[in-house]
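Shown next as structure tokens: one chain only, the form predicted alone.
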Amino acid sequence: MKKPIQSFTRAELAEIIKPAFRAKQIYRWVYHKYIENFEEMKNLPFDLKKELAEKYTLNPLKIIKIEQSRDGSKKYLFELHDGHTVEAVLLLMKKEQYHENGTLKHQAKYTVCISCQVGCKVGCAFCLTAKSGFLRDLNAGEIVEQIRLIKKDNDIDANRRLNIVYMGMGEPLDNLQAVAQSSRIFSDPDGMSISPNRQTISTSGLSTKIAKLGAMELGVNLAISLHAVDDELREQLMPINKAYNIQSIIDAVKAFPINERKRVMFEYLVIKDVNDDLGAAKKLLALLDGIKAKVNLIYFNPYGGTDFKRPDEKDMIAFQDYLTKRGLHCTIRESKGLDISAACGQLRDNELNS
């Protein structure tokens, strides 16, 4: 398998391709024009295009299925060079708005949830991705290409910004080097120019690697998949808690470098009759004391074969109200794509078992 050209930062390309200004040209063709082969790079000399085609690939993955929701969300299934598949999701956060005269008032706002591994080692009890186990890491180019293909498929112009969350299949900190490399590539001003402020890396709580991520000084947002407020329940939901307990995560978060305007996000997947009571809300409030935090309450999306249930709306609102009235910033994440394969890994699982 040839290495994807999307695995290189512009500075790295400038080191291996001479003259160095060609790197900027390549970046423009790849990330602004969304080309599919090196032949389309019209301002590059023939010999260089031939060399690039011999050494690198522009097509590390391809779209094999798309499901579109009534709410505008689109779920993508990608096939990799070795036949494995991964998912990504385009979330329409705000629709286009127009003035009365028909001119554009506000552009649509998007968030893309991307994968970093084929499968996952963490083994969370509520996660469908975990059911098929871990197969391999994605390289940086395979991570980057998910965004490039989604932007191309939706005619999202190169100068349009979107938000990226590493919250699809896989544990990002378990593939830290490739994730960090992809983050640098996303943020290059001559490429996609997606600021680190728009990138969120979510982790199930590998506390030692949270420290390594902080030391890289990428400037990204940090999200912690917490889902429980005591070690006993968290170990049932997330076996990784045996190696990285809640206190070790809290300590790592307190040491993580964040911009003064930012908050560390804590993802709390709410499961009916498991972690949705006010007693859990009270413990969560105490746990996050002293941390500049934001809590995202997430409805559990049921899938075939799970015993877990979606929580009642009234319990979600009560949980949120308890926290916000006591000064903890808390939102309920709007569920999207419920009419399609909404759960992480569900589209891939459906295809594998069809």
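Residue indices: 1-based, along the sequence shown. This one's a predicted model, so the numbers in the text were calculated from it and none came from an experiment.
The same protein also exists as the form predicted together with S-adenosyl-L-homocysteine (SAH); that form is not shown, yet it is the one meant from here on.
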{"property": "Contact label in the predicted bound form: L269 to S-adenosyl-L-homocysteine (SAH), heavy atom within 4.5 Å", "result": "yes"}
{"property": "Y34, heavy atom within 4.5 angstroms of S-adenosyl-L-homocysteine (SAH) in the predicted bound form", "result": "no"}
{"property": "4.5 Å heavy atom contact, Y303 to S-adenosyl-L-homocysteine (SAH) in the predicted bound form", "result": "yes"}
{"property": "Partner contact for I298 in the predicted bound form: S-adenosyl-L-homocysteine (SAH), 4.5 angstroms, heavy atom", "result": "yes"}
{"property": "In the predicted bound form, the residue from S207, S225, N221, S187 that sits within 4.5 Å of S-adenosyl-L-homocysteine (SAH) by heavy atoms", "result": "S225"}
{"property": "The single option of S202, N275, T85, N175 touching S-adenosyl-L-homocysteine (SAH) in the predicted bound form, heavy atom within 4.5 Å", "result": "S202"}
{"property": "Contact segment among 121-129, 75-83, 210-218, 135-143, judged by heavy atoms lying within 4.5 Å of S-adenosyl-L-homocysteine (SAH) in the predicted bound form", "result": "121-129"}
{"property": "Heavy atom contacts to S-adenosyl-L-homocysteine (SAH) in the predicted bound form at 4.5 Å, residues of 151-186 in sequence order", "result": "Y166, M167, G168, G170, E171, P172"}
